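In the structure tokens that follow, a single protein chain appears in two forms: structure 1, then structure 2.
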Structure 1
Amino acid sequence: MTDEELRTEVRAWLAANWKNDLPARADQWTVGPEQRAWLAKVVEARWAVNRWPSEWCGRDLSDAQAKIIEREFAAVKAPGAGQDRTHLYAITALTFGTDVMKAALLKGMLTGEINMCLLYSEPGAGSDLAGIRTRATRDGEEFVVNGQKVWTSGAATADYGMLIARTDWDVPKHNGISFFFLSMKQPGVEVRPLRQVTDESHFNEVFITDARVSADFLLGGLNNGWRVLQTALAYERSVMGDGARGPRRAGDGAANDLVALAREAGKLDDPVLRQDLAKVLSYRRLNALNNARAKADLAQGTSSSIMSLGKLAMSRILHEEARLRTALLGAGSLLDGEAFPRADDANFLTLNAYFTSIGGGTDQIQRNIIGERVLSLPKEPEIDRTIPFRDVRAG
């Protein structure tokens, strides 16, 4: 099919089917019935994953032709196309899953019938993710899973979780991990909301006690989980936008504008504060300029080191903005809550800045990554890398 024929076909289909009348989603973890109905149509018409093979809902198209379809969907603001680039869970399933698992889950994932979550981090395995101690033990055609996971978004509504668990304790830590799709809807899985430092509950703890998973839902083979995880993390990073949040209250212009806040606080004439204000404003501006340059470089085919710096930059922006807000409010920041929205913003942002500087890899781990992958500095010796995991010190 030529590009033009394809474009005509997708346009005609969208014109006939897309009404642009979907209600807004309640939250990012669940897909409402109207969205599901639309996604089902998209999947049925084979527009969801155009680069994929036809046996798995795709069209075997080249990247260039797939982009034509995605552009047409984007032009009319229709969701659902391009999931072969953006659906982290489906991509992982397609790449590493067994045919039994793909037949059972793939379509449901693409239509939003099946919700997913990530079961990676543990209380004892944060920065050192390969140090997980959740165990999966073979029992006939199944594995029995025991352990505890944490920092799981959307666990309460998830049908399946992408789980890493230890399947061999007698080999070095990276070599004894396996990757599963674990059903969350079973008696051995208990989800407890985690009350965060901001007093919100965005994340959950997941307690897993004698939960069961079929060997068909093991991805990439036994003890090959670390490799599957690296691939999944790479997909995740490539689709993750800037997840940093502003103040709790959206749409409040003054709260989002440090200059307005300084003016409101009567401190816009304070020369010391003006210096501070200019510095803090410049951090966000410089980050935007970096991102624009990285994009331009990428468009010209030259790769850029800037992308890996974005998270570090954003951490500084958020912490510094929160610090400045607090300085502007002075004793006003002692107060909190709905009745004192400026204080509430400053206080919330002060604590929520750690979401970015700790979540998804701490700034310190990020500096290691930049040092080693971008600047090619040598790695630190790892004393636990080559010994059986059983003998690795924990605490």
Structure 2
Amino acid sequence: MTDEELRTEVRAWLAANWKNDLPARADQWTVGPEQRAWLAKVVEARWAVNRWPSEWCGRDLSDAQAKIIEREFAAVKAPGAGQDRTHLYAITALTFGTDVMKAALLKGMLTGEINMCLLYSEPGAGSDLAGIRTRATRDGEEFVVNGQKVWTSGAATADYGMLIARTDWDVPKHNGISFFFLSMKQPGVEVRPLRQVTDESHFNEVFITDARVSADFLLGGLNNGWRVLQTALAYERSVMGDGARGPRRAGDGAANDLVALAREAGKLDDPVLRQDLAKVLSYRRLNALNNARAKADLAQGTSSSIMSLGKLAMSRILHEEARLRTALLGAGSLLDGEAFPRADDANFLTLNAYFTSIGGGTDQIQRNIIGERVLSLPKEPEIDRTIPFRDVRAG
């Protein structure tokens, strides 16, 4: 099919099917029935993951032709295309999952029928994920899982979680980890919400007691979970580097456009604030170019360390934008609540910026990765890297 034939086909399909009447999603963790119905149409028509094999809902298209489809969807503001670039869970499943697991979960993840979460961090292993102590013990064709996870976004509504667990205690810490898709809707999985400074509860603690997972839901092979995790983290950092949450109350154009907000506040002519505004906008443009470079690396099958640069940059951009919003509002930023949406947005975004500084690997971890893998600086010493994990001291 030529590019023009493909463009004509997707435009005709959108004209016949897209009504531009989907309600807004209630939250970022679940997909409503209207969205699910639309995504099911997109998946059925094979517009969702066009680079993937036809066996798994794709069209075997080149990246260039897949982008044609994504641009046509974007032109009419239709969601659903390009999930082979953005759907962290589905990409990980396709890359490392067994055929049994892919047949059971892939389509449901793409349509939003199956909600997912990340079961990585633990109370004693946040920044050092290789230090996890949640264990998965083989029992025939299943593994029995025991342990605790924390800071798990969306766990309360998740059907499955991408879980890292220790399966071998007699090898160095990076070598004894396996990667699973664990069912969250089973006995032995308890989710407790954590209240955030923004008065939300997106994060959770997850307690796992004798939960079970089939060997068919092991990704990448036994004790090869660290490799799977690095690829999954690269995609997660790619998503976080692309963007983050915007204002939660003032949904008009000025709320999202910093130039319009400066004009509304009567401070667009302030030379200092104009310089700060230009810096933020320049950072955003530079970060978009960096992320395009990193995604090109990922498309070649590499786990790009450049993703860490984008993720760190977005964290800094969000803090700087929040500071700029506060400066534009002046004393008015001390107000709060629904009656003062601009101030409420500034305060919310100031607090929420810390989420990107911590989630997906802290800013400090990203700096370590950039220093070691991008700038080729010496690694920090790890005295426990080469000893059996059961001999590692834990506080």
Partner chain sequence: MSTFTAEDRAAMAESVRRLLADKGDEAALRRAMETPSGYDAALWAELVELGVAGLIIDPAYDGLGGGPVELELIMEEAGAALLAAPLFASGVMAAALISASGDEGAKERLLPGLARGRIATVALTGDAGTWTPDGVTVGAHSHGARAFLDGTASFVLHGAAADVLLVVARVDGGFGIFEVAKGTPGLEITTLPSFDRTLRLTKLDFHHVPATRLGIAGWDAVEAMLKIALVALAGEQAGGARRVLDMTVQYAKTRIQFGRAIGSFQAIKHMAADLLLEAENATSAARHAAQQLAGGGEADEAVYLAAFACADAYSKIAADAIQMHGGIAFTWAHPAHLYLRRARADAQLLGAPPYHRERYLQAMGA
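For clarity, a rigid core is taken as the largest C-alpha set superposing within 1.5 Å between two forms. Numbers given to residues start at 1 and step along the sequence of structure 1. What you see is a predicted model, and the numbers here were worked out from it, not measured in a lab.
Which of these two, 1 or 2, is the form predicted in complex with the partner chain? It is the first structure that is the form predicted in complex with the partner chain.
Core aligned, does the CA of Asp276 move at least 2 Å between structure 1 and structure 2? Yes, because once the rigid core is superposed, the C-alpha of Asp276 moves 2 Å or more between structure 1 and structure 2.
When you overlay the rigid core, is the Cα of Gly58 off by 2 Å or more between structure 1 and structure 2? False for Gly58: its C-alpha shift is below 2 Å.
Superposing on the rigid core, does the Cα of Phe348 end up 2 Å or more away between structure 1 and structure 2? Indeed, Phe348 is displaced by 2 Å or more.
Shift in Å of the Thr326 Cα between structure 1 and structure 2 [rigid core superposition]: Shift of Thr326 at C-alpha, rigid core superposed: 9.8 Å.
Once the two forms are fitted on their rigid core, how many angstrom does the CA of Arg316 move between structure 1 and structure 2? That residue's C-alpha is offset by 5.9 Å.
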